[in-house]
Ligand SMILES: Nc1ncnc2c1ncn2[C@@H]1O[C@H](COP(=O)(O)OP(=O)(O)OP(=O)(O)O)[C@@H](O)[C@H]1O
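As a starting point, one isolated chain is supplied in structure tokens, in the form predicted on its own.
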Amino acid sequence: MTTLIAFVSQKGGVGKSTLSRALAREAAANGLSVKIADLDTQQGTSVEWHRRRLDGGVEPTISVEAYRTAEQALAQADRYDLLIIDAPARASEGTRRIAEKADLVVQPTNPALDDLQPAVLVFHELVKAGIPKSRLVFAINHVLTEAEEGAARLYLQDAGYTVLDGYIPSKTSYRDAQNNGRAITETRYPALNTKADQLIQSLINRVDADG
């Protein structure tokens, strides 16, 4: 049975593609057949990362493909153990359709209030559309200090949503890894890999618990 996890956001640059890749890498490394469906055809961020990964011969190999519509991506679901949807950086009718089918909807956000407020509104709209809160979770990215991470976590929890354990700090080594077709769990630094893996494992545990 296929598990479908969707990464959505209202704004760009909050870590959707970053977390999609990391989850895909960990799933593939554990023997699952996994595919990232990149719905941002204008940017093609995950598709370009996949090209760099292939060019660099990085293992494990991960399947990534661009799709124009949510329906095209969802049609791939029964072909893989895990289908990861990297949705466009804006809320839309497509976001709702994806959320209706997804086992889990993950919304990454930066800890700044300018990012937290619209992120909460996206989930509020999905709840109004009938998506259960239990399938909506936040992930906190691009953190500079533990204090701002704590404040962001409290803000999201007060809004009524689950926040994944762990967070992704703002580190150039994460960007360097992705520039070379690697995931944030594949940097040159074990401590950073462990930090990233903590959040990804929290996501996996959430899926297992709901399943």
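Throughout, we count residues from 1 along the sequence that is shown. Predicted model, so just to flag it, every value in this text is computed and none were measured.
The next section is about a form of this same protein that is not shown, the form predicted together with this ligand.
task: Using heavy atoms only and a 4.5 Å cut-off, decide whether all three of 13, 40 and 175 touch this ligand in the model of the complex.
output: Yes.
message: Only one of these stretches, 92-100, 73-81, 119-127, 137-145, has heavy atoms within 4.5 Å of this ligand in the model of the complex; which one is it?
response: It is the stretch 137-145.
task: Look up in the model of the complex whether residue 30 has a non-hydrogen atom within 4.5 angstroms of this ligand, and give yes or no.
output: Result no; residue 30 lies far from this ligand in the model of the complex.
- prompt: in the model of the complex, does residue 170 have a heavy atom within 4.5 Å of this ligand?
  reply: Yes.
task: Indicate whether this ligand has at least one heavy atom within 4.5 Å of a heavy atom of residue 185 in the model of the complex.
output: Although this ligand is absent here, residue 185 would stay clear of it in the model of the complex, with no heavy atoms inside 4.5 Å.
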